[in-house]
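The chain below stands alone, shown as structure tokens; this is the form predicted on its own.
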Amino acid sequence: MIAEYFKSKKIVITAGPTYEKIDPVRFIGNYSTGKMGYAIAEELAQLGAEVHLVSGPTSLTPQHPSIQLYQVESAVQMYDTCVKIFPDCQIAIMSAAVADYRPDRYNEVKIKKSEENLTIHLVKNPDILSTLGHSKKANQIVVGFALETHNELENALDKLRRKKADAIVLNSLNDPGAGFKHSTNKISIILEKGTIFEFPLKEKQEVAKDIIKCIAENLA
């Protein structure tokens, strides 16, 4: 059933971090490795889906030959790519750790240490999940991710509703072995109708299978 559901489905997946440049040698980023998004992409490709993987900077390379990779660096680049691809997709899985803010200007040369303090003004990045959630059609599914450090469930539910997603995959940095820089993850999946599925700590390849199974059984 799961393989039949995903076969030939066009799916856009985001993975990894975004880097928001300050100058030629510095950026604002995070610790995301992209492992979760790449694992989801590999599993879906194995099921016969047409996978479009939009990846921030990582050391990973897709293994399945049918995965179409779009390499981006910044949140704006990831946003532009997703907005272009999504209208022709049936499913969007937004697992990337996208920077919420970027410097308001890029310094063409390295900023030298000259003052005791340095102030960098930040501006808000476009919200990829919210844009796709609010623009989706009746035949489209949007799945977001939430990495939280406190009030996990409350924050994830708020994100689900504000961004019009069909589901949120929640993981907490308070759970050992979950989050960035691990080969494992511990998730809960929250559906738009309020149902919550909880899963134990697993290898990310197995977590990817849980997410895919939940989509096929509950959002199809």
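Computed from a predicted model, the values in this text were never measured in an experiment. Residue numbers run from 1 along the displayed sequence.
Keep in mind the form predicted in complex with ligand CTP is missing from the figure; the text below concerns it.
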- Message: Can you pick out, from His52, Lys186, His182, Lys163, the residue that has a heavy atom within 4.5 Å of ligand CTP in the model of the complex?
- Response: Lys163
- Message: Within 4.5 Å, heavy atoms only, one stretch in 83-91, 109-117, 96-104, 133-141 touches ligand CTP in the model of the complex. Which?
- Response: 96-104
- Task: Tell me whether Tyr5, Lys9 and Leu47, taken together, all sit within 4.5 Å of ligand CTP in the model of the complex, counting heavy atoms only.
- Result: no
